[in-house]
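Given as C-alpha cells, the chain that follows is alone and in the form predicted on its own.
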C-alpha cells in the first residue's frame, strides 16, 4: 500500500522510520512511503519530497494519506480533499478531529474510504480501538484517564522530588515534553480535545471543545500542595473523566486525589492511563506512552494496517442527543487559598478549614468550577483538587 505523509515533523518522521525500517516478516513491510508533503524549500527533484499536494491527490497509486501537520488549517481542508479523492486518511491530529469528527466520518463514508484517528488520543495506547471493541458488546457508562503525559511528568516529578512547579516545568521543557508555551498541557486544553473525541465514540454523540467543559489545570499547584496531600495518603493527578446516566452525562477535567497504591497514582513520568467501564466487561484500563515520535507513529501505522486489511471502524452516526449535566456529579474538593472571602463565596457548602486548606463536601462539579472562577479573580494562585471517590 502506497502512502503519502503530510508533514515530516516528529510524528511524520516516526511513521517513515517505522515503515522504511520494517522487518520483512511483519505486516508493516507491505507499506511504502511514496510521497512526503513538505514546505517548498524542502522539496526535491525526485518528487518524493513534494510541496505539490495536487500531485498527491491526483496520483492513483497513492492509497492513503497520513496527516501529521497538526493544527486546524490547512489540515482540515487537506483531509477533506484526500477523502474526496478517495484516499484513506489516517491522522494523529487531535485538535482537528475533535472539531470536525462528523464531517470527516461522513465524507469518508460518501467516498467509500476510511478515516482513522487512533493516534489522536493517548498516543501509542490502543484506546479508540478498544472503545470500539467494547461497544460491539457493551454500553460504556463512564471513562476516565491521565490523558496528558506532560502534566503527569510534572506532577510525578514534584511528588518524587519535592521540587517546585516552575523548576519541573523547566525540566519538562528542556526534555522536549512541554512547549515554550505550556498552556495546552497544564491548563487542560490538550485533554479537552482527547476527551471530546472519546466522548463522541463512547456515547455516539457529538461534543466539541469549548462546549461548557469545566477545566481546571495544574498551573497553580505548589510543592506545599503535593506535600499536604501526600501526608493524607493521596497522589495528585490531572484527570479527564465522564459519566453517563441514561440521556444525561457529565464531563470534567481537574486535579484529582488518587489513593497511594491505586493504578492512577502509580502512573509515572510521561505515561498515560485510560480506563472505561462497560456493562459486562466492567473496568478495563490501558497504560502506555501517550506521546512521542515512535509510540504515536506506531498507532498511525497500526491504523494504516487496519485500512490495508479492510478492518472497518465501528459505525458511529453521532446521532444520540444527550444532556450535559455536571450538576449531577457531586464530590469532595480541597481548596488552598489566601483569600479571606472564600468562606463567604462557598458558604452554601459549609467549607471546613484543615491546616490552611478548605474541605468542601457534597458539591457538584459545575458549582465547584464556577466557584473557582470567582476565587481566581481574587486569588490568582488558588488551587483545588477533588477526592477520587470511585476513580481509583
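Owing to the predicted nature of the structure, the values given are computational and were not obtained by experimental measurement. Positions refer to the first chain, counted from 1.
Not on display, but discussed next: the form predicted in complex with a further copy of the same chain.
Contact check at 4.5 Å (heavy atoms) against a further copy of the same chain in the predicted complex: none of 226, 233 and 243 pass. The partner is absent here, but in the predicted complex a heavy atom of 281, alone among 80, 281, 175, 163, sits within 4.5 Å of a further copy of the same chain. Of the listed positions (206, 168, 113, 294), a single one reaches within 4.5 angstroms of a further copy of the same chain by any non-hydrogen atom in the predicted complex, namely 294.
Put simply, residue 26 is close to a further copy of the same chain in the predicted complex: some heavy atom of it is within 4.5 Å. At the 4.5 Å threshold, heavy atoms of residue 318 stay clear of a further copy of the same chain in the predicted complex, well away from it. a further copy of the same chain in the predicted complex comes within 4.5 Å of no heavy atom belonging to residue 183. Although the partner is absent here, residue 312 is a contact residue: one of its heavy atoms lies within 4.5 angstroms of a further copy of the same chain in the predicted complex. In plain terms, the part of the chain that comes close to a further copy of the same chain in the predicted complex, with a heavy atom within 4.5 Å, is 281-289 out of 245-253, 281-289, 218-226, 184-192. Interface residues of 167-189, taken as those with a heavy atom within 4.5 Å of a further copy of the same chain in the predicted complex (partner not displayed), are absent.
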